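Only one chain is given next, in structure tokens, and it is the form predicted alone.
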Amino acid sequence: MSHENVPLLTELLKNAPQNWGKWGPDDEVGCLNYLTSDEVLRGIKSVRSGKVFTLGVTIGNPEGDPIWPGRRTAQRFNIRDRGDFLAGNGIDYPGGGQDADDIIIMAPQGSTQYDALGHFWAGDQIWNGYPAEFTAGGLKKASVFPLADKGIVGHAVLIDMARFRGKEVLGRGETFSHKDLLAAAEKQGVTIQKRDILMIRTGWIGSYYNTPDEIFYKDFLEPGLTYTPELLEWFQEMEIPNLSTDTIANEVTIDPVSGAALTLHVALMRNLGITLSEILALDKLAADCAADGQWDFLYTAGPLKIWNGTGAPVNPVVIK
């Protein structure tokens, strides 16, 4: 595939805003610094009914796991079960107890997950200006571990772009901007406030389970946010700590104007330090929000603490 006319992201974003150094030369959590105890308490104040929703997709689903093309789906294996005990090969527990045990082999980003801030970059530097060489053999800086160690808790707002446009799911490569988010928020009767965890439903992950793989992955092009300088300024001004969507890459896969891939991974994550969480199951939550009119809630997430990891699985929990 020729990329002859596609600009380098370093050139496209040469005047884009950065937060490098804002929280010191050693920072590894970026905009999660905005999630202070005050933001946690603001999230708690949004709890009204006590309804709980978990947002992780099933791992090892018999219907398949939605993953970025090229990654392998999770594989789970029993390493001990009733058969071992019937064959006399089980553990000889005092008292005669028996057990089942298993292992799982998976890409840490092969399910609902958080990206490390050092996961994706352009040029020679990752988040906060750390050399890209720090990724060799594992992320020495800006790995997923500091994000997981801090935890992500705050006030969240869900914007249902699919419902706003009258669709079950946005189309392949369908884009939207921050202006669309604001219009949808107004229609939903909710306000996106400074330091909100921003969640966007497109219907894309939900559609995976009733779409054959050969169609879902054909010329892979997800819907999502698309780059403009104004969008970056808005995210910067709003001090958004975390962007979460029901897509695999959190943005339109290929920018329709520049032709570059994953522009916002560089502009939002690498440059501004906004954490990205992806592959969220948002359909049930969105349906409930549409029914009761409450589109804001307490959001909590604890990714797995993987040392030097580029990402980690997570099962976010929201409480309305």
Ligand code: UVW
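Note that residue numbering begins at 1 and tracks the sequence as displayed. These figures come from a predicted structure and were not determined experimentally.
Keep in mind the form predicted together with the ligand is missing from the figure; the text below concerns it.
Taking a 4.5 Å heavy atom cutoff to the ligand in the predicted complex, the contact residue among Ile240, Ile159, Ile152, Ala249 is Ala249.
Out of the listed residues Gln109, Thr226, Asn128, Gln188, Gln109 is the one that sits within 4.5 Å of the ligand in the predicted complex by at least one heavy atom.
Interface membership of Asp115, defined by any non-hydrogen atom within 4.5 Å of the ligand in the predicted complex, is confirmed. Although the partner is absent from this view, Lys141 stays clear of the ligand in the predicted complex, with no non-hydrogen atom inside 4.5 angstroms. The ligand is not drawn, but in the predicted complex it has no heavy atom within 4.5 Å of Arg172.
None of the heavy atoms of Arg195 is located within 4.5 Å of the ligand in the predicted complex. Only one segment in the set 197-205, 67-75, 177-185, 96-104 has any non-hydrogen atom within 4.5 angstroms of the ligand in the predicted complex, and it is 67-75. Contact with the ligand in the predicted complex holds for none of Leu55, Asp288 and Lys320, as no heavy atom of theirs lies within 4.5 Å. Taking a 4.5 Å heavy atom cutoff to the ligand in the predicted complex, the contacting residues in 253-281 are Leu262, His265, Glu278.
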